[in-house]
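Listed next as structure tokens is one chain, alone, in the form predicted on its own.
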Amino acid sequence: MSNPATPVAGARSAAAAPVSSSPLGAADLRALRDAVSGEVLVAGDPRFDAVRGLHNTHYSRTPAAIVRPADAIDVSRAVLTARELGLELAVKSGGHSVAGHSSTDGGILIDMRTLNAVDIDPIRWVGSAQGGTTAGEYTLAAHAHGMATPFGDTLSVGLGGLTLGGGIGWLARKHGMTIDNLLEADLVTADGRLVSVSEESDPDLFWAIRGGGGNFGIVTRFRYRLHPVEIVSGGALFLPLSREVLRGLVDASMAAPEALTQISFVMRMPPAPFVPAELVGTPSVVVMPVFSGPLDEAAAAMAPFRALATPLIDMVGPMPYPAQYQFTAEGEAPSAGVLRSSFLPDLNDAALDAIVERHSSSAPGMPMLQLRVLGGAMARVPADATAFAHRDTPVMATVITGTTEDHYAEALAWTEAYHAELSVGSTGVYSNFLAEEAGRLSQAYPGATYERLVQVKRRVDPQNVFRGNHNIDPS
């Protein structure tokens, strides 16, 4: 189980918000505060709004109370108290849920960020992280030993949501997804039990939490496999936008050695110190690679990408692995936005034309298209080995449109129309990139995958206590 964290100072001090500020009522709020040793925040507390805030500011939800647990026992007691009071539960780790699932209106929010201890065992090549740890906290701790576990493309994402949904990032082709490197998880179940789940202890539940989201419990600690990753060849290669560059990008990525995973962005070049003034606003394809093989082989691995067109800017070179995340750091700031995504067998001619046209014309907000070409180690895992079932799909295309609340409806319509142009022939959707989209759950969990998830859900959470997610309904 999780080692107890240091209790939050002043959890029950006189500085706590007055009882009248919570819709729970005096008796229920006292019961909740008496149940946990950590902190309980309610509306009126000076930090309440900051803690309830989400990465996507379009979603603004107000819990009846926020529990900031001191340890796994607190998580268990918060779950049981919520059940006794008949309140909805939500869990927040990094708060990056694109569907706004990291909070609740009128329920109890468990803010896991107080549980963020990391332990790296370089002898056994195992990393341990509490459920509120961010990818950045773990990645920096592992890097101190010249090691890494595959995560996503943003350091502020919480490991809770990232791992339970799958985890696809810059090491996917070399070392697989996050779930392919998960060894064990400590879990609080719907009935408040604390259990350790692994391939040996409960293979069905372990299968389900590797891609099935937060449907089956709250993870208080993850244990991951580590790999030797220290200095990589990474950075950003800016190429002019054209059909030929896009077509070549996919082909070059599929043919690249597995040590190279790239995540590309189609976008207008931003005003930045490294962008010449005359290039600001130019439609471009920004290739962000990580080559985690021998550095003397990096130039040959990148040569096909550099040959696609004369680079506008070439910033690819040796760097510490965590430094790659500086290129996506701007996306960590909370803001309103719309996201739509699909797995695709390829980019067909119509999709190529749509991409060039959309990013060469005026558009609402700040749109970009993220293209990930997958395969490698991620694709060698059998499709039924985990609840993530999209192993053999080579391309993931994601439209991301930053906007403001005043222009959200316009950005939503534009994004959905663009996504529809790209997603003809789609083979599914990544659950971590699934927003509030009716009818698409079966695309995240197709056929037999969904049926097996239902069976596990009926066993471990028949009352659907954990429903603040892309929900697997046990009924």
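One-based numbering along the sequence shown. In this text, all values refer to a predicted model and were calculated from it rather than measured experimentally.
Below, we turn to the form predicted in complex with a small molecule, even though it does not appear here.
Check your understanding: Looking at the partner-bound form in the model of the complex, is Lys92 within 4.5 Å of the small molecule by any heavy atom?
Key -> Judged by the heavy-atom cut-off of 4.5 Å, Lys92 is in contact with the small molecule in the model of the complex.
Check your understanding: Using 4.5 Å between non-hydrogen atoms, is Arg340 touching the small molecule in the model of the complex?
Key -> It does not: once the small molecule is placed as it appears in the model of the complex, Arg340 has no heavy atom within 4.5 Å of it.
Review point. So in the model of the complex, does Val219 come within 4.5 Å of the small molecule, heavy atom to heavy atom?
Key: Val219 belongs to the contact set for the small molecule.
Practice item. Evaluate Arg33 for contact with the small molecule in the model of the complex, applying a 4.5 angstroms cut-off between non-hydrogen atoms, and reply yes or no. Key: Answer no; every heavy atom of Arg33 is more than 4.5 Å from the small molecule in the model of the complex.
Review point. Of the listed stretches (246 to 254, 195 to 203, 139 to 147, 84 to 92), which one has a non-hydrogen atom within 4.5 Å of the small molecule in the model of the complex?
Key: Within 4.5 Å of the partner lies stretch 84 to 92.
**Study point:** Residue among His419, Arg68, His55, Arg52 with a heavy atom within 4.5 Å of the small molecule in the model of the complex
**Key:** Answer to the contact question: His55.
Exercise for review: Could you work out which of Ala397, Ala298, Ala259, Val98 is the residue within 4.5 angstroms of the small molecule in the model of the complex, going by heavy atoms?
Suggested key: Spelling it out, the residue with a heavy atom inside the cut-off is Val98.
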